[in-house]
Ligand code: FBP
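For reference, the chain that follows is the form predicted alone, supplied as structure tokens.
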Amino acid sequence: MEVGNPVSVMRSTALLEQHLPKLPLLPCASFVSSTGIRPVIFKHEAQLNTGDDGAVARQFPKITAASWRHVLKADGFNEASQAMRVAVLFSGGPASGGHNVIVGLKHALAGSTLLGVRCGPKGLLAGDFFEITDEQVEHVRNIGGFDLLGTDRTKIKSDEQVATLRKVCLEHKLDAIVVIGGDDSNTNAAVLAEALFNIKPDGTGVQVIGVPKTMDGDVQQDGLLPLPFGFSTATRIYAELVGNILQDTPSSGKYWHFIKLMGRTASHVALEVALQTHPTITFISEEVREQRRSLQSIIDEIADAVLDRASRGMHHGVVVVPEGLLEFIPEVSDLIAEIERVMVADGSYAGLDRHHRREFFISRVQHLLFGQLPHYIQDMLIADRDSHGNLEVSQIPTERLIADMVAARVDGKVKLLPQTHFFGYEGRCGAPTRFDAMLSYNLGLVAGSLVLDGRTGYMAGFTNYDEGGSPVAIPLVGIMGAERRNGKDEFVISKRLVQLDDPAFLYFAQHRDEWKRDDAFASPGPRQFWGPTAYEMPLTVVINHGYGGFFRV
């Protein structure tokens, strides 16, 4: 649970934080009139097809009928004058740019009441609201973190929770709710939009709009949302750290660094950082699974590079792996599945200490790999699952496992001096890059415009960055599909993984052998808020979408 300290808008005396709120907000032309920022109305464009033979529509009949899965595009300014009560909340882990979404909402909803929800969905169920003032949004514009509101990971799904929420909405006279979150949070937004569709005595309901955020970069929709907010900032922070380490390696001339980066399901972060910094070796989880690589083959590839570089007097290097790599190695994913079958079949392990729990699973798990893994990895694989039944991958020291196995593989041939790192939380709450500040502010303007336009069950989108940006709205039911969770099919927004035919991946694949053989690293340094490089876009977006290198301001 990540609740933060809501409404802590007083800032330090740091010069950067004093100056960031003074930077321009950069609304796209669709929102700019001669009198200032204006919300827009929308018109229907192309219809999205889930390809599910109507299953999603049967699960969400009301919001499907309201949207007919049509994408919406801006169609002029909204001339209507209406005062609404709109609640906004953060859901899930933080990502840089969240405060600018609220600024955009506040500007689009001028004349309406914008209520902040303290501590995410949990606070929504409790009716823990406060009115967001102009002064508060001015304090947090262009500032990182989620601390204006706080956040948590509660999912509102049960009949009891929905009944509570309906009561809260009616008591507080809410007209709309804006959910700022990732794929799961926007899936929950669809559930809420359906549940609140017509709960008022006059037959109307409470609108629900989603806003896409995730530093993992896996909420994407071709042509409508190249990236969610948060990815640009996180990858620039990680690229600075990795670039610093890459600069260090030939300086000291004796260390191999093994670095794990955020990204459990998708490897967008690792790919982006690799494109920015050119590490010696980077593994992309999706490719590992596609090629059905074994853990040993990964170790052998690194060991061969260590030996080759050492033969040429280079006793240093950097290996980058995504957080979720182990789950993408077929033999490891098979092992995890077997462990979980044992857990379901016999829960008597639950009260055992670490040593006896390990013995319990060794006696029951048939997969040979389990006995070959070091104890610290075994202990993590058999640890209790999280509240959603998931293995806590981020806490598995994959980087240490790989470093130890490579050291054993080259022992007696060269002396390997490994250093290990995990960069995760470092990237979540930094001051947003100018790209993320622009993207998140415009997503807030889109969300506010959708509320005023009477829409529900939509996710805000923004595209055409090299042309100054275009607001769009994506029907949630148009991007959902069935996924097996906890033994049953659930309709969720699918994560977009790295595709092996993506131009960005192909560029990486074309150049990685050069990076492995010689020091071809780049050290991009810290993100810039002023000057010629301030408006750089992530390289994966530039390459995949054929954009120029900079957001056009």
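When you see a residue number, it is the position in the sequence shown, counting from 1. Computed from a predicted structure; not experimentally measured.
Same protein, other form: the form predicted in complex with the ligand, not shown, and the subject of what follows.
Trainee: Heavy atoms within 4.5 Å of the ligand in the predicted bound form: which of the stretches 406 to 414, 215 to 223, 444 to 452, 133 to 141 has them?
Mentor: In the other structure, the partner sits against 215 to 223.
Trainee: Between the options 263, 97, 210, 120, which residue brings a heavy atom to within 4.5 Å of the ligand in the predicted bound form?
Mentor: Contact check passes for 263.
Trainee: Can you pick out, from 92, 205, 475, 317, the residue that has a heavy atom within 4.5 Å of the ligand in the predicted bound form?
Mentor: Comparing distances to the ligand in the predicted bound form, the residue within 4.5 Å is 92.
Trainee: So in the predicted bound form, is the ligand close enough to residue 428 to count as touching (4.5 Å, heavy atoms)?
Mentor: Heavy-atom contact with the ligand at 4.5 Å: present for residue 428.
Trainee: So in the predicted bound form, is the ligand close enough to residue 168 to count as touching (4.5 Å, heavy atoms)?
Mentor: Residue 168: no, not in contact with the ligand in the predicted bound form.
Trainee: How about residue 323: is it within 4.5 Å of the ligand in the predicted bound form, going by heavy atoms?
Mentor: Flag for residue 323 set to yes.
Trainee: Can residue 294 be called a contact residue for the ligand in the predicted bound form at 4.5 Å between heavy atoms?
Mentor: So residue 294 does not count as contacting the ligand.
Trainee: Who in 141 to 164 is close to the ligand in the predicted bound form, meaning a heavy atom within 4.5 Å?
Mentor: Residue within 4.5 Å: 153, and no other.
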